[in-house]
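Starting off, we have a lone chain in the form predicted alone, written out as structure tokens.
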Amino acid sequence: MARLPVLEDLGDVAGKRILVRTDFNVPMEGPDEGRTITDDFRIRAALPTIEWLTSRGAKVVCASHLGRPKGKPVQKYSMDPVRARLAELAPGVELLENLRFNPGEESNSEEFVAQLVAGFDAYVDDAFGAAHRAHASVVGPPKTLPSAAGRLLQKEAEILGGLREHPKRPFVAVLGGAKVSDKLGVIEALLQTVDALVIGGGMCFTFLAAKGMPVGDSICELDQVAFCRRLLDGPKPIHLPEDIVGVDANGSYATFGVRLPDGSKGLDIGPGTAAAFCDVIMEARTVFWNGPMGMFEDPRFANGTKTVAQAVADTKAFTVVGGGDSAAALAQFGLDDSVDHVSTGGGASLEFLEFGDLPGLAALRGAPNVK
């Protein structure tokens, strides 16, 4: 596999126009006109790359998607609020309109790629959160322009590659979220690498069903029970809940063992499970966490996720959090500065761990400046 080109591989960038694919898909609120950014983390995350280029005399033009406008202009997804914030953080840097306003972005249209690269001397991809998408702005420019990974993309590839290739052991992966089917591939891939797997969230009920436990009205994918049973029979330990918090048939808050009565619904791991999961995390030397342990948006069912998040923050292990809801939970509990690496791409981090590569990374390695 060819080496991933980095910023230094672009050579002298003074006076050159550089197209930088960023991930400015930031959360916003308010009316469609006059929306305000509620968290500018993704904009600030691109600044090291932007400043490296501009300090060396390059003219930087950023490009990003925002939301899902489905190939047509939608006022709600205008880049204007992002453009205004970028102007404050990096004066003089331009930002194109939302890439997904053009249907050619998601369909990887050669015509749209040609429009994007016209007038540019080089391309930098710093959008890890979009690197698993074979979209025009991700895989198109490196076919013709000298290209490189930005600092953020480079860091993500190095850290996640290290998890796959040479983690310090024991290596423990903590997985949550709603569905097993969303993580089939990454579960199998992780089981080739980790020393133990910890399973919480809605997906735990399919595993519990595979052990013959009644799960009431909890989320359960019956078509995945056989898959889960096969994994449980494998050589790697898989830690499952030993108690559950949720609601009973009357909708009242309740604590259960692992046999849930008819009409009840599990919505979080119980306190005993949270303590047991913490013990596994604290004994590890590398921890990867993706997915909440329960419906943490509701304070009644946030304790499992909060306890696991605190353990990930407190452990002396090297800790990586796979973006998405896990990153949101860390931020909610004020722990996002207490882990070694918070990935900027939930889906991209999982796909990288599963396949060891992403379309955006492969495209960069095929650029004309890569020997």
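Sequential numbering from 1, following the sequence displayed. Bear in mind the structure is a predicted one, so any value in this text is a computation, not a measurement.
Another form exists, predicted in complex with a small molecule; not displayed. Remarks below refer to it.
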Item checked: Stretch in contact in the predicted complex with the small molecule, which is absent here, among 161-169, 200-208, 122-130, 279-287 (heavy atoms within 4.5 Å) -> 200-208
Check: Is the small molecule close enough to 65, 69 and 137 in the predicted complex that each of the three has a heavy atom within 4.5 Å of it?
Finding: no
Check: Pick from 249, 114, 232, 178: which has a non-hydrogen atom within 4.5 Å of the small molecule in the predicted complex?
Finding: 178
Notebook entry, point to check: Considering 80, 297, 195, 110, which brings a non-hydrogen atom within 4.5 Å of the small molecule in the predicted complex?
Noted result: 297
Next item on the list: Consider residue 267 of the chain shown here, and say whether it contacts the small molecule in the predicted complex, taking contact as heavy atoms within 4.5 Å.
Entry: yes
Note to self: At 4.5 Å between heavy atoms, is residue 155 in contact with the small molecule in the predicted complex?
What the structure shows: no
Item checked: residue 183: touches the small molecule in the predicted complex, heavy atom cutoff 4.5 angstroms -> yes
Next item on the list: Report whether the minimum heavy atom distance between residue 219 and the small molecule in the predicted complex is within 4.5 Å.
Entry: yes
